[in-house]
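In structure tokens, one chain follows: the form predicted alone.
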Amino acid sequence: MTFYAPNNYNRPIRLSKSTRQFAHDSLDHKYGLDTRKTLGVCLDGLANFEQMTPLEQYDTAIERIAREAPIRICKDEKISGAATLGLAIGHYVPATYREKPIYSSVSHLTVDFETVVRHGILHIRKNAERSLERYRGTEREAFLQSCLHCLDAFDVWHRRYLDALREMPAYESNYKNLQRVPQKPAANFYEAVQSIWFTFAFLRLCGNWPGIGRIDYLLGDYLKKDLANGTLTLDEAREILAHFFIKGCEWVSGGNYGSGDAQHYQNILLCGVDENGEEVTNEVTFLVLDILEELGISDFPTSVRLNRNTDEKLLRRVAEVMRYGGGILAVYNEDLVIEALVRDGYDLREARKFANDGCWEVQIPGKTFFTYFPFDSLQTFQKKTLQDYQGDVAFDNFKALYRQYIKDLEVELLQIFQNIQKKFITAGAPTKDWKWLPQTPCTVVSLFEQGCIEKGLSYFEGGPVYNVTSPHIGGLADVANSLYAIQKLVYEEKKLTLNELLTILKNNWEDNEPLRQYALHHYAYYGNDNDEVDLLVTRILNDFSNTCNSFNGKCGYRFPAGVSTFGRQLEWAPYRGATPYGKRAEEVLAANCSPTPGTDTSGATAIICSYCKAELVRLSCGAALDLKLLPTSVLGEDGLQALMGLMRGFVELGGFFMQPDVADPDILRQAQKDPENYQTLSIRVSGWNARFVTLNKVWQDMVIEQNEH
């Protein structure tokens, strides 16, 4: 029974044989394939379904799901609860009417597990009952009635599991552990783990994809107490927590799923400071690292919050786990992230609590509605600023060209802002009392986002404490490289005029191969620690974030800038022309805030230096740097020290978020040819991990190309 590592390291064995078998079966599709057998509940028998309001339809679906979803109790499991309806894997509420899912579901959020663990579901019910009395007779009453209906459904599902476990003597500890939680506050570590899992499983059963957040912060005090009073050992706690991670593989089902089979946004954060500025790192932190190291489970992409005071022991342990590959661990520079959030108007104590949205965009967990709007800034540059390489494009100097690009970027952002406003806010609403438009029902998620019950408004309708919509610039490196090439070729070296260059680009560099090679290789582009081009990246980001900030206060949500592609460089490629820096039309170009593949020739340190020159503190939503490392570069003590050095440099230089991955492109090619032997080979894609063989060939080729450079 082996768990794959791309560097041929032998993973340590700490867990029991039965736990390792459970992990192996889960990763080998046993439970994911079972989940796909039952897609959802059917609502066709309801004669009055079409006459119901959307909330009534939703409540009916959730009640049916709670009563009819298959109960699954896995062999030897230590915690119980399972999301057993296949449509949930596809981001739908798993209920159909006339063979179609009735509603999509919710992702890109981290819910309020802290209230569940520390106060229990009954506390949430009492809040809903109080709020219902406050808003009775108003338009908000229906939502609060829905909250109570969904809590009733949760109770039904909880009782079904208790009934099933009661009849199975081998699971007596599961039964006893589930009797109190999650209805009541957890009393110990075992109950706390079960409380989080059962709530998480119900959210997923209803189709949602929430992140977990800061698991060591949530569980650390419970484990400390149990260890101190002798009711639990570290080995026993590791076994319990391992089952949490293994249960999270219940949707793994193999096959080809385009961008992979593991992007369900169930991210976890470790370490960092709490709201009082005290370090969180505790025994749970190291247990999580142990489990990831041993089992290689990638379905909970885990990020570590580093700072200038991060303990050497922790940094070394992170590096030890990171070099097993799989993209399982990424890192935040929490000093900069907290500063960015405070600059953006968050209270310092709130900013210190930051987690992510289930991917890597920063948010305050359990309090934030979040959505992002990606756009391709390279197409803006090519099709607007350079007029799609058509006609006579004249700029007297480089400054005039840059100014026009920023004007075009501002128009793009205004359009994004107006589109968001139309989607969420009633036209003409007063600035001090935003009126949110009715949206898709999402009561189950709303129960676990602070502000929704208190306001009587759903997650999609302005309920959470913070409402954030973030424009995300894509193609950043490609625009900077293009501007830099034009600056050099046209305005400084005067090798040709701008219109002559545009004619060449329109013809996709045809019959101009020597010039293309010159443009491609003569200059040091973004990612090579070249101040000239790196300054262009900084200028673009500053102008971009300034424009985003100008919209704050003009609607009922925050409008922070972010940088991402999340693989969209694939779908954007067919619409992109040839670039001034030597790339042909329709090539797959830069990911996130990373260099364009093939242009970064100076190594990982230079990439980090280029990235960190930008004023990333202006981007409170985030900017991800992908860093690809060969297994040979992290071997032995020297490799371990090098990896630790990269992380220290990332923090000292002012990085925001870095997702390193250790992978050998030769092994990836072999996995393409022989997928059966590489079923658990995981790679970092873009904010999530995926088993490589579940990517389609286009995605696989992109990942291979990224790792080759």
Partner chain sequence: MNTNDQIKLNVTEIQRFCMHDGPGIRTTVFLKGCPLRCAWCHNPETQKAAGELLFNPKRCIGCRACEVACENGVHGGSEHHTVTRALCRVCGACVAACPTGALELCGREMSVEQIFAEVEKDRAFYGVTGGLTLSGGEPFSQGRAAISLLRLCKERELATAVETCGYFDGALLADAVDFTDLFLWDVKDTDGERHKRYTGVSNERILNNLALADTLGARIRLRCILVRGVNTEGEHYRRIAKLAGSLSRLDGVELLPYHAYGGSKATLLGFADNGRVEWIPTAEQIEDAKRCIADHGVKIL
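Since we're looking at a predicted model, the values are computed, not measured. Numbering follows the first chain given and starts at 1.
Another form exists, predicted in complex with its partner chain; not displayed. Remarks below refer to it.
Give a yes or no for L653: in the model of the complex, does one of its heavy atoms lie within 4.5 Å of a heavy atom belonging to its partner chain?
Contact check for L653: yes, within 4.5 Å of its partner chain in the model of the complex.
Quick one: does V41 come within 4.5 Å of its partner chain in the model of the complex, counting heavy atoms only?
Outside the cut-off, so no.
So, in the model of the complex, is Y103 in contact with its partner chain at a 4.5 angstroms heavy atom limit?
Looking in the model of the complex, residue contacts with its partner chain do not include Y103, since no heavy atom lies within 4.5 Å.
Heavy atom to heavy atom, is P70 within 4.5 Å of its partner chain in the model of the complex?
Answer no; every heavy atom of P70 is more than 4.5 Å from its partner chain in the model of the complex.
Exactly one residue in D638, E172, D347, D274 has a non-hydrogen atom within 4.5 Å of its partner chain in the model of the complex; which is it?
Looking at the other structure, the residue within range turns out to be D638.
Ok, R308, K75, H522, K422: which has a heavy atom sitting within 4.5 Å of its partner chain in the model of the complex?
Exactly one listed residue reaches within 4.5 Å, namely H522.
If we take heavy atoms and a 4.5 Å cut-off, which stretch out of 600-608, 481-489, 549-557, 567-575 is in contact with its partner chain in the model of the complex?
Careful reading of the contacts points to 600-608.
What residues in 630-662 sit within 4.5 Å of its partner chain in the model of the complex, counting heavy atoms only?
In sequence order, T632, S633, D638, Q641, A642, G645, L646, R648, G649, F650, E652, L653 come within 4.5 Å of the partner.
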